[in-house]
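The chain below stands alone and is given as structure tokens, in the form predicted alone.
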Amino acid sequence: MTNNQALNEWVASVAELTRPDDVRWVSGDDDEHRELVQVLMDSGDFIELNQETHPGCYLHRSDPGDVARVEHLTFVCTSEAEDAGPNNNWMEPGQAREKMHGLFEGCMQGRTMYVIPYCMGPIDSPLSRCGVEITDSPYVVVNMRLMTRMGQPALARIEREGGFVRGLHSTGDLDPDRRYIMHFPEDLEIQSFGSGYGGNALLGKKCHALRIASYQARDEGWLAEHMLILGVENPQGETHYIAAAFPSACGKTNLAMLIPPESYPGWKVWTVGDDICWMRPGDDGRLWAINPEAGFFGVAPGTGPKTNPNALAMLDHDAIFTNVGVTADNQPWWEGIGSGQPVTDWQGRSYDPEVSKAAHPNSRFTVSAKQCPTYSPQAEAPRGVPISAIIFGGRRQHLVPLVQQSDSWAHGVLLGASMASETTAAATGEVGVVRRDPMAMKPFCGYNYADYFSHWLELGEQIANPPPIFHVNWFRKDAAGNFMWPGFCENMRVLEWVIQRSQGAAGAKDTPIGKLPSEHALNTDGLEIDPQTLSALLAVDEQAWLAELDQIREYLEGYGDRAPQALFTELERVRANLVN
């Protein structure tokens, strides 16, 4: 119970609708956590892993039909369809509520209803926002404990402030034909039914921290973004913070936890966050950012000693693994982990590589961010961290250079609005199909993308000292199909140039598409790359770029009259540069 009357009334109304056997207000303390873990083990939802090698670690195997976000069943329910935009599935709010009411009615009979107060962001930060998730899943509770600031401190803040985002979730019967994730941004409300998967069930994550928060951010004058936040400390002890957005399969978490190469003695990278970033203009004219999350809900496959040793190092205690394989001595295993052999796969079957991968491709780990070896001491700073630069990135085999700096804030917004990745045969059966994913927010923007672009443009005008905006592409290939840039830790070289540019230093040359590193501006000491390859990575194919601009224009025109004219003005400016 709480002294917030609106919260009490909402909890009572949900209990009346769902009819649970018991209602439990979650405190977030250690004793409660141990009790819930035991509940999960007793039900078979948790399997205790090897407590000698992985103390406090557990395996969860989800229903095989419930292993990922379901974007086609995810809706934004605004009063007007145009406000949701063509980037979202829309349902009329009254119809959506009626549908969900029928699903939730009596769904918690025989179950416990958990009431989870949580805070997205440091508990004392003015940038943070609170919510309450009601769920019938103890798996959700133990994950939310790692992913948010959950329990009594969050409830105390809700009681002080009054307002909160309302999230109602039930696993239901896990029937994919009765599975919906509804967002009501005008009411700051989320309803999710029929799934236990993280992105559909941990309502503080994508649902609140991006879809609802992006809507809040537009109304309140800030940004809620699908971005990592990292700090780069130079040998002089100066730290500069970067926010960066990448679509999936572009190395986002690896970059957030990057280890500088041996040729960078004295340099450090600090991890503030690997997935979500909330930014607000500060009194000093800069953008300040927090990571609203308190943990990592990361993809396990591919996480290993070569790709991300820092991530691997934080997963040997107090972590939850979902849909990974298991070794003979009961340790978690996934493709790319670098050691061990699985004996059972993610469904608990005897492992047979001819039948199935050991870990599901979207298998996950949940762990507190504080366990990361590069966890930033500023991650809980109430004011956040000042952003020196913003980076957008895609996955392009050709055309897009290794790194470019925008000519202005508006040009940077165009770079973000047009960012894209190319598909592979493994993903779609077609190679090289360009898929636009503006600001990496395609599945997560809670309102019309055209209005979102306008918000970015308007916010830039309000910031006295906006950070410069860059675009990177680690994935250029040569004629033989080989990657031209080594990537991983060597991306530090690009980060160094980005930071130097944000400080008004480092050489740059003006090109029709923006500023690129001038000759010798990128530090290549100790890097095995020939001058011809480096030159090709920074080349501008003017005819190919003219064709790219035509595609970008066609894409933006798809948003109709709401698409901001400033982006088309920037398009024409770049076009004029290319033809002159």
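This one's a predicted model, so the numbers in the text were calculated from it and none came from an experiment. Note that residue numbering follows the sequence shown and begins at 1.
Just so it is clear, the following notes concern the form predicted in complex with sulfoacetic acid, a form of the same protein that is not shown.
K.L.:
From the list Gly85, Gly302, Gly460, Gly198, which entry has a heavy atom within 4.5 Å of sulfoacetic acid in the predicted complex?
P.N.:
It is Gly198 that has a heavy atom within 4.5 Å of the partner.
K.L.:
Select from the listed residues Arg149, Lys205, Arg129, His471 the one whose heavy atoms reach within 4.5 Å of sulfoacetic acid in the predicted complex.
P.N.:
Contact residue from the list: Lys205.
K.L.:
Give a yes or no for His226: in the predicted complex, does one of its heavy atoms lie within 4.5 Å of a heavy atom belonging to sulfoacetic acid?
P.N.:
Output for His226 is yes: heavy atoms within 4.5 Å of sulfoacetic acid.
K.L.:
With the cut-off set at 4.5 Å between non-hydrogen atoms, does Ser248 touch sulfoacetic acid in the predicted complex?
P.N.:
It does: once sulfoacetic acid is placed as it appears in the predicted complex, Ser248 has a heavy atom within 4.5 Å of it.
K.L.:
So in the predicted complex, does any heavy atom of Arg364 sit within 4.5 Å of sulfoacetic acid?
P.N.:
Arg364 belongs to the contact set for sulfoacetic acid.
K.L.:
Check Arg69 for me: does it contact sulfoacetic acid in the predicted complex (non-hydrogen atoms, 4.5 angstroms)?
P.N.:
Residue-level check for Arg69: yes, a contact with sulfoacetic acid.
K.L.:
Within 4.5 angstroms, counting heavy atoms, which one of the listed stretches 106-114, 410-418, 477-485, 190-198 is next to sulfoacetic acid in the predicted complex?
P.N.:
That would be stretch 190-198.
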